[in-house]
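A single chain, nothing else alongside it, follows as structure tokens in the form predicted on its own.
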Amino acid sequence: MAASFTSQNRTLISPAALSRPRGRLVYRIVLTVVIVVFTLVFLGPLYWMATGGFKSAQEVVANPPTFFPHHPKPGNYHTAWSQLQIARLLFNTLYYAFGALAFQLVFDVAAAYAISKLRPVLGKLILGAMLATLMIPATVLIVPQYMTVLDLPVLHVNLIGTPWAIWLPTVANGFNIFLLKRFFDSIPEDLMHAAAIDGASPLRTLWSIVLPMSRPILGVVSIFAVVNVWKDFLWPMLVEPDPKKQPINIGIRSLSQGVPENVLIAALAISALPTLLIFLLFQRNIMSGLTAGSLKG
């Protein structure tokens, strides 16, 4: 019994070492150093980008770089907003992001529900194949995806330059299907049987029982879908050649010719702000949604 208790509570530093003053001091020093290093690694680029938007063009490219703007220029952000047409680019990005979100919710929820609750033949094999796609680097799929949207099979339609070229490749997301399936597995089968006894069809059960109980994971999938489209760069650059229709990352690049470095950095800071706000506002929802399906209800 004592051996079992010890094995279950084993840590990197034993309680005996932490009980000594020297052990506590070493532990706190190491912990502080690790936290500071990781904080600098993650927040350093964000700080440089945010402060770079306040610097002059000469100060941005100065060597060695300055940590603080000597003469802050908040007007750089206003110049970036107007000169690079940030408002229109943000609208385009929201249009693509929420379009992709709508398709992902419809198809990924349907796929996860079918595998989890309807249990089709070879359902586990299908799920395994979906998860196997996560092992394939995204860049490997660029050429097949481009050839597909260039000449859509069966219909033989060219989707280049249309929102469908951005929306369709995001629909079948193996990671989101896995998250949804795992959450659906945690919904008690008694509820499903009771709904079937009352005469509810599988679609009615999904709409009236499963989806209302799945709000946490649906929120997580929604955040992932929006952020993935927001941060994507290579694919929109290939399939949307019109600068007036491009999302914000590609639009800034297309309109950056002749724009000073400090104004360009200010535009990049504006483009990164929405996703940072999404994470800061919904980080609790993200963590609760990811862990909600780990416990059986």
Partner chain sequence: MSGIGYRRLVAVALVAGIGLTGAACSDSKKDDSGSKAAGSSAGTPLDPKTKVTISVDCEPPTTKPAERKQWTDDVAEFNKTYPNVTVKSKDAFPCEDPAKFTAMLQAGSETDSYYTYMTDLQQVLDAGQAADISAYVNDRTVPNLKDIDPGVLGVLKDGGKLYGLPTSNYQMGLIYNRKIFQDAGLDPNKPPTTWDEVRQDAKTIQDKLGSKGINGYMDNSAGNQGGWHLVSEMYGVGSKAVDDSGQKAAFNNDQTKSVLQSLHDMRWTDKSMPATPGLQWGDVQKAMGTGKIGMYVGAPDDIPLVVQQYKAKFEDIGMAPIPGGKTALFGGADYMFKKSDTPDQIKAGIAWVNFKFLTLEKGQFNYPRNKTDGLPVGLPQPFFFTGASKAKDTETKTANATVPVENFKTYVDAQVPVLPEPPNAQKIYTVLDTVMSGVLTNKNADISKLLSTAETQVNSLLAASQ
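All values derive from a computational prediction rather than experimental measurement. Positions refer to the first chain, counted from 1. For clarity, a rigid core is taken as the largest C-alpha set superposing within 1.5 Å between two forms.
Keep in mind that the form predicted together with its partner chain is missing from the display, and what follows is about it.
- The partner is absent here; in the predicted complex, the one residue of L94, I209, A102, L150 having a heavy atom within 4.5 Å of its partner chain is L150.
- Its partner chain in the predicted complex is approached by Y146, whose closest heavy atom lies within 4.5 angstroms of it.
- Interface membership of H70, defined by any non-hydrogen atom within 4.5 Å of its partner chain in the predicted complex, is ruled out.
- In the predicted complex, at least one heavy atom of I160 sits within 4.5 Å of its partner chain.
- Heavy atoms of A225 never reach within 4.5 Å of its partner chain in the predicted complex, leaving it off the interface.
- Looking at 105 to 133, no residue comes within 4.5 Å of its partner chain in the predicted complex, counting any heavy atom.
- If you fit the rigid core between this form and the one not shown, you'll see the Cα of S56 move by 2 angstroms or more.
- For I265, the Cα coordinates differ by 2 angstroms or more between this form and the one not shown after the core has been superposed.
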